[in-house]
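There is one chain below, alone, in C-alpha cells, taken in the form predicted on its own.
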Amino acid sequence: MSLLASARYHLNVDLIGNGFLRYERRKLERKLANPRPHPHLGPPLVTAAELKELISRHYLKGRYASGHKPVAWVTSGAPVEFLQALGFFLLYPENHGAVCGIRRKAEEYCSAAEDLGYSRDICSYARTDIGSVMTGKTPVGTLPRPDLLVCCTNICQTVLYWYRVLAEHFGCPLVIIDTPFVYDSASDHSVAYVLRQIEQAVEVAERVAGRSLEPDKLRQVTQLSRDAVDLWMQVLERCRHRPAPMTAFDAFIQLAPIVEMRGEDFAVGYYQRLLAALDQRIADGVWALKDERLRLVWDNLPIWHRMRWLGERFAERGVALVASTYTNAWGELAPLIDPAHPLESGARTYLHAILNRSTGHKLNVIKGLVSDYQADGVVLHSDRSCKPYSVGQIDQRGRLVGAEGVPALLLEADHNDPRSFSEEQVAARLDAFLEILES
C-alpha cells in the first residue's frame, strides 16, 4: 500500500470528511427535530441522520480507498466475512445501483450500457453498474477501482456474466463461488463443495491483500455479522406491532448497513440504536402512519425510483407495508451463522439465500409473513429485470388467493429502470386492489 495514498485517505476521510459529515448530520438532526407535518405519515425515524452519515462515510472511504487498502467488489449474496477480516474495502454494485435508482440516475446509466450493446432485458442493476463504470459517472463521487472481484451465484446467474465484464474491464482477479440450488435443505456434499470454494477464495484474497487471514479476526468479524443480522431481524419484527412503528419502505432504506457494512462494529451499534428508537416509538404511541387501516406484505425488490410516490400513495389510503420477503431475507439466516466455525457455517448460510431456494420455499415465507405480521394482503412486484425473484409469482399468487384466501396483487414494474414503470397503470391497479380489501 502507498504511504501517499494512506496520507490522502486519512486527510480526506478521517479529518476533513468526518468533520464535514458530522456537521451535516447535526444540521439534519435539527431539521428532523421539528419536521414539517405530513397529513398521513408519522415523524421520520430519529436515526435517519445517522444512517445518512453512515452511507455517506462508506462511499467517502471508497473514494480514497485505492492504494490505502485492498478493494473488493462483491455480489450482495457473497460471503464477505473473510474479506472484512483481511482488511478489504467492500463495494456492492447492487447497493450502488440502488443509490443510482433513488437519485434518478439509473436510466442514464442503463441507456449508456445499452448503447454499448447490452440488452435492455438484462438486470437493471447490471446495466446501471456497467453504464456507470464505462462512463465514469456516479452520484457518489468516485468508485474505487477493484483489486478483486468476488461473485457468488446464490442470487442469480446474471452476476456471473456481469462480473466477467467487470474483470475484463478492470483486469483484476475474479473469484466465482458456485452454489448448488437448494430445494429443501442443503446436502452435506453441497456444503463441502461451497466450503472448498470459499477456502480457495481465501487463498486468492490473501495474495491480493498481501497478508494471511487470522482465525481470531475472522471469528470476531463473523460474530459481528451474526450480531448485526440478529438485530436486523429484531428491527423487522417490531413491525408486528399494530399499528407499526415503521414500514417496509423505511426498512428498504435501513437495509444498507446489513448489506454493505456487515461485519463492522458500527453496523451493530447502528442497529442497536435503531431498535431502541423503535421501542421508544412504540412506548410513546408514535406510528409510521397516522391512520393505519390495512397491512400488506411486499414480495421482491423495491421499486427504488418510485419509493416516495408509492409510500405516500399507500399512506393516503391508510395502508402500512409491514413486511417484505426482500428485507426478511437478510435476517432469516441468522441461526445458521456460527462464529466458532466461520467458514463452514458460511458455506451453509450462503447456500440458503432465498433466491437459491425453491419457489415453494418463497411461498411459505410469504405465508409466514402474512400470519406473523397480521397482513390483509400481499403485493407481488413482478420485476421485469429480476427474473429469478419473479419466477413463479403467478402460481404463488394463485395459491395465496385460492388455497389460503389471502388477497394478492401482481404489480408489474422494474426495480431500477423507470422506463418499465407506468405510474397511471400502477395507480389504477393499486386503487382497485385496495378497494377490494376495504370492501
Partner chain sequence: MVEVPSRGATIAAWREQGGGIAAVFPIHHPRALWRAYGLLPVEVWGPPVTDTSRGDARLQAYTCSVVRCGLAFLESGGLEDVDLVVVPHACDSLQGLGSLLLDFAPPRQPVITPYIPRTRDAAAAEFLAHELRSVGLRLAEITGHQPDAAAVMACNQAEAQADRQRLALFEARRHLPLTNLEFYRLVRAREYLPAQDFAALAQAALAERIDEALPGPGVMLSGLLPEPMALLGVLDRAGAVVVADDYACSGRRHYRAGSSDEPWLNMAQSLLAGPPDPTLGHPIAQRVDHLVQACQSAGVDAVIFHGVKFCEPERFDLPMVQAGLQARLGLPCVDLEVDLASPLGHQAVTRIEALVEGLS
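Please read all numbers here as calculations on a predicted model, not as lab measurements. Residue numbers count along the first chain shown, from 1.
Below, we turn to the form predicted in complex with its partner chain, even though it does not appear here.
Using a 4.5 Å cutoff between non-hydrogen atoms, S382 counts as a contact of its partner chain in the predicted bound form. At a distance threshold of 4.5 angstroms between non-hydrogen atoms, G87 is out of contact with its partner chain in the predicted bound form. For V71, no non-hydrogen atom is located within 4.5 Å of its partner chain in the predicted bound form, even though that partner is not displayed. When its partner chain is considered in the predicted bound form, W162 lines it closely, a heavy atom lying within 4.5 Å. Taking the partner from elsewhere, every residue among I122, Q200 and Q393 has a non-hydrogen atom within 4.5 angstroms of its partner chain in the predicted bound form.
Of the stretches 98-106, 323-331, 173-181, 216-224, only 173-181 has residues with a heavy atom within 4.5 Å of its partner chain in the predicted bound form.
Among L275, M307, L116, V204, the residue placing a heavy atom within 4.5 Å of its partner chain in the predicted bound form is L116. Just one of V268, L149, C156, A256 comes within 4.5 Å of its partner chain in the predicted bound form, counting any heavy atom, and that one is C156.
Scanning 305-319 for heavy atoms within 4.5 Å of its partner chain in the predicted bound form gives no residues at all.
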